[in-house]
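One chain follows as structure tokens, the form predicted on its own.
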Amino acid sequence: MKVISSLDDAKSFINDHKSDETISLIPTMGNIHSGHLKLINSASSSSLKIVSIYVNELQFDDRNDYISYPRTLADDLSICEDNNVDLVFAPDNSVICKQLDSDKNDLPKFTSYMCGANRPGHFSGVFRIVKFLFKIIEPNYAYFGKKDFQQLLLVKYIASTYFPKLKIIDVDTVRDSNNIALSSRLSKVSRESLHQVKLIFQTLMIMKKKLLSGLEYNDVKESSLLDLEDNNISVEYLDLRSLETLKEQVNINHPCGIFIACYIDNIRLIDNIEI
């Protein structure tokens, strides 16, 4: 496995391989867990597997969140090597910031919903780094998880708009034995609070069952919010939205899902479930 931090070295490596190998890209911010491993292992074993590790400052609306984001590069590299990754691109922040496209305006409307409404600049930061990585790595395939569903739609928009030959592969959310969606931020939640985290997906499952039985979403949402808040879970949003446009829905007549963002131990967690 090769580890590269230089932009020029990364370009050289890609140029040496792109003519005769299929390139699979798995973008991460490090702190690699089983969710990332599913992305890595979803890529074809015959392709050149490239994992990028970069904590993107631009997508953090809270400076303290960026500073405290878990960074475990040595462990990440070991995990990547054990899982047959060919190249880890782990650039320095100063290198990236000089290269990023300054265009912040080409964002689809759905980025103003949900996380976009509450995290100023977040999706602009995602847009800029993802577009940069696609331009530098020139992958044939890129792998993203469904847990960050709004981000996934943005990534698909970037690919279809600027990189039409690139295929985005979405991968189902990885959950532990308690159906908790794995994430890097989960490691910051105290052990004592994990019983609260379990309630997130449990609540989504209950809501889905009620909707399928014919209950109105507003009634289901109201009771679910009360249950969550009674368990000291602060809810940022709990929405029924289209899987295609992320517009709010009042019923389940079209493909839709329930999306949640909430705080436990002051840690922001998200999840979703398709109906």
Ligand code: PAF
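Only a predicted model underlies this, so the values are computations on that prediction, with no experimental measurement involved. Residue indices: 1-based, along the sequence shown.
If you look for the form predicted in complex with this ligand, you will not find it shown, but the lines that follow are about it.
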Requested in this report: Would you mind picking the one in Asn140, Gln151, Gln196, Thr173 that has a heavy atom within 4.5 Å of this ligand in the model of the complex?
Outcome: Gln151
Query raised in the report: So which of Ile233, Leu240, Met29, Met207 gets a non-hydrogen atom within 4.5 Å of this ligand in the model of the complex?
Result: Met29
Report task. Find out whether any non-hydrogen atom of Tyr157 is located within 4.5 angstroms of this ligand in the model of the complex, and reply yes or no. Result -> no
Query raised in the report: Would Val126 sit within 4.5 Å of this ligand in the model of the complex, counting heavy atoms only?
Result: yes
Query raised in the report: Wondering, does Gln249 line up within 4.5 Å of this ligand in the model of the complex on heavy atoms?
Result: no
Query raised in the report: Contact between Ser224 and this ligand in the model of the complex at 4.5 Å, heavy atoms?
Result: no
Query raised in the report: Looking in the model of the complex, is this ligand within 4.5 Å of a heavy atom from each of Ile14, Thr22 and Phe89?
Result: no
Query - Stretch from 197-205, 140-148, 89-97, 71-79 whose residues place a heavy atom within 4.5 Å of this ligand in the model of the complex - result: 140-148
Query raised in the report: Listed by sequence position, which residues of 57-92 have a non-hydrogen atom within 4.5 angstroms of this ligand in the model of the complex?
Result: Gln59
